[in-house]
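The chain below stands alone and is given in structure tokens; this is the form predicted alone.
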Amino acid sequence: MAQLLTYAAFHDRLRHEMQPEQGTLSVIAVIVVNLDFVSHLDGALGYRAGDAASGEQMHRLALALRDSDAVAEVSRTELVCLLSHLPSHGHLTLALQRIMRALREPISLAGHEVLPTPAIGVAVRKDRDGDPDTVLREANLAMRAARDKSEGIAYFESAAEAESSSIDLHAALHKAIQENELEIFYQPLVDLKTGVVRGAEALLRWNRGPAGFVRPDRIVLIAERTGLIEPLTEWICNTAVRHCGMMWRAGLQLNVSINISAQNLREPQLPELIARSLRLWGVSPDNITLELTESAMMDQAASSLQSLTRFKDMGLLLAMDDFGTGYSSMARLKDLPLDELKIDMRFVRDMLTVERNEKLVRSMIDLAHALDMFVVAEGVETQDIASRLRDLACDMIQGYLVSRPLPLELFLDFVRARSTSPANAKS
């Protein structure tokens, strides 16, 4: 278990660890952990619950680390830890995995299951350059970047590296949008009762050739920071709607789901952009589902509700993605004009081995049905999980058990083959 220090003592310890040494130096890492969910708890359950959650996270963090490491509280929503004398970066990776597993475990508070979503920023030193304040600032900057990453972990990039990377990717992304070099892959959504493919989620892909694939979350982050989010969103929506029209004209009555970011939700021109695409390609609005994450919908809830209502009035379907990772209260959830809830894969994958996860999945399904919503379970990888979800009355599944994301033509071939194969009548 790591040492629990005051912040002043932690700073002194870090200064000592950063003193130059002789010979081969081990790796040290400073990690900043953001606990924004504590602020949500303050409003939902009261400050005592927020304090309890913050204290529990600090205890879990200390237990996940070694005796030689140190942990301190910066504030109720921010923790910092020092990992010293790491033999290699590989050992740091293993430590971060332990930390994330520990901090994402549900917390029981006042009869509620709270699901933390920590953001972790990491700054690494081997040559001991700089000073404690510099490395702490770097870890804090990385933590802010981690909030935009699905895995919740980010490493610090030097200003020069970040600027160079952003400039290069900005220019390349602008060219990719203009010259139609991006792609949309489709991951099938399958009806659990019949085994029929009902639709697919449109997933952005960008293959830069020798430079390899750029992660979708990285693409969106660059677009948001450089003013390209509007043309990128327009390209994604127009392409996905066009493909949906092609599916229907080919005799495949499928729904296409399109991911919308929190920043997209604040763009007043987005409804008209989508409406133009629907008119251009002759697609009915109820064949398109807009997926937004729980945190995006809960951020600035009043304005989000206004935007969601506009989409709903257009006839579009609305889905809450990654359900269970945010902090929707019953009162707020019932007021959202949603058609579908998608249960996050982190609950689904372990539901047969972690009893608490199965209970959570069951309660999410029951909640969604009580609010007249369809339920999609994400990340389904085994037949046993699919069978259990069917027993729990889940409506649809998505995951590698059915198919990986596929380019359009391969997706169409997959749907045709599945619809004519008796062996695939059910998942």
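Source: prediction; values computed, not measured. Numbers for residues come from their place in the sequence shown, where the first is 1.
Not on display, but discussed next: the form predicted in complex with a small molecule.
Looking at 139, 260, 244, 341, which is the one with a non-hydrogen atom within 4.5 Å of the small molecule in the predicted bound form?
When the small molecule is considered in the predicted bound form, the option within 4.5 Å is 260.
Here the chain is shown alone; which of 198, 205, 310, 346 has a heavy atom within 4.5 Å of the small molecule in the predicted bound form?
It is 205.
Even though the small molecule is not shown here, does it sit in the predicted bound form so that 2, 34 and 105 each have a heavy atom within 4.5 Å?
No, the whole trio is out of contact, none within 4.5 Å by any heavy atom.
So, residue 271 and the small molecule: in the predicted bound form, are they within 4.5 Å at any heavy atom pair?
No, residue 271 stays farther than 4.5 Å from the small molecule in the predicted bound form.
For residue 375, is any heavy atom within 4.5 Å of the small molecule in the predicted bound form, or not?
No, residue 375 is distant from the partner.
With a 4.5 Å heavy atom cut-off, would you call residue 291 a contact of the small molecule in the predicted bound form?
Close contact exists here: in the predicted bound form, residue 291 approaches the small molecule to within 4.5 Å, heavy atoms only.
Against the small molecule in the predicted bound form, would residue 285 count as a contact residue? Criterion: heavy atoms within 4.5 Å.
Residue 285 lies outside the contact set for the small molecule.
Any idea which of 216-224, 112-120, 170-178, 70-78 reaches within 4.5 Å of the small molecule in the predicted bound form, heavy atoms considered?
Result of the contact check: 216-224.
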